[in-house]
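First, one chain by itself in C-alpha cells, the form predicted on its own.
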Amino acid sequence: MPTAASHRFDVALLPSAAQPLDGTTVVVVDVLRATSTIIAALFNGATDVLPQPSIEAARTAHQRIGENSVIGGERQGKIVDGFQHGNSPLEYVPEAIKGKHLILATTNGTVAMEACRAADRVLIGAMVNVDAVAEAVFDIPRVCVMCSGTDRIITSEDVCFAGLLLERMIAKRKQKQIPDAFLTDAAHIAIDHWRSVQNAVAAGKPLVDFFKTARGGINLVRIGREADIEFAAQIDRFNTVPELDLNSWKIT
C-alpha cells in the first residue's frame, strides 16, 4: 500500500517552472488549443500526431513523410502560411485527418512538450478528457501537470485543468482507500483556482465565459475563434488519453 510520503503531485504553472522530471509522469495541457486539438484529431482517426518545436521542423517532417501527412499549426493563433490547417480542434474532422499523420507546430503546447524529454511518461490532457486522465494517473507515485501557458505567461484555463485533474485524482484515491499524496504549493494553488471558478460556475457563470476572458481566450476571440473556446470548455467529452512516445516522439 503506497503512503502519502511516497506519492507526490505537482503542477508546473509554466514549462520553465518545472522541477526535474526524472521518475515522473507528466500530463501536458494547453487547453486553448494544442492538447484539445490533439485529442480531437486522434479521436477522429489520425494515425498519430508528431509535435514539432518550430515551423521549420514541421515543414521538414512534412516533406519527409509526404502526402500521407497533414501539416498544421499556428503563430499568434493564426494558421501558418503554407500549412494545410491551423490549431483548431474543429478543423481535424475525419474527412481531413483519418488515416493520416498530423504534423503539428504550435506556439505553446508543442513547445511545452520539449520540456518533458526527461520524464518517464508524457500524457496529453485537456478539459475534454480530464476524467480519463485522472483515471490513468491517480495511483502513480509522481505526477506533474505541465501547463503550457500563453507566450510564456501563466494562463487561467490551464491552471483550471490542473486543479480539476488533481481534485479528481484525490477523489479517486479516496474511493480506493489510497493515502493522500503530498501536494506541492503549486498544486494547492491550482486546486484553489479551480474551486473558485467552480463556485462561480455553480452560481450560473458558464466555464466558457472564464476561458474567453483568459489571455489565450482573448486572443482567440479577437481572431474570431470563439467556437474553439466553446469546444475546449467541454468537460469529459472524450474518454481517451493520448500518450507521447519519448523515443519516436509520436503521440498515439
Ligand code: MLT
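As the structure is a prediction and not an experimental result, all values here were calculated from the model. Note that residue numbering begins at 1 and tracks the sequence as displayed.
The following text describes the form predicted together with the named molecule, which does not appear among the structures shown.
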*Hey, in the predicted complex, does residue 155 get a heavy atom within 4.5 angstroms of the named molecule?*
no
_Test of understanding: in the predicted complex, would residue 58 fall inside 4.5 Å of the named molecule by heavy atoms?_
no
*May I ask you to check whether residue 87 falls inside a 4.5 Å heavy atom distance of the named molecule in the predicted complex?*
yes
*With a 4.5 Å heavy atom cut-off, would you call residue 41 a contact of the named molecule in the predicted complex?*
no
*Though the named molecule is not shown, can you say which of 46, 187, 50, 220 has a heavy atom within 4.5 Å of it in the predicted complex?*
220
*If contact means any heavy atom within 4.5 Å, which of 108-116, 94-102, 169-177, 137-145 contacts the named molecule in the predicted complex?*
108-116
*Can you name the residues of 11-46 that have a non-hydrogen atom within 4.5 angstroms of the named molecule in the predicted complex?*
30, 32, 33, 34
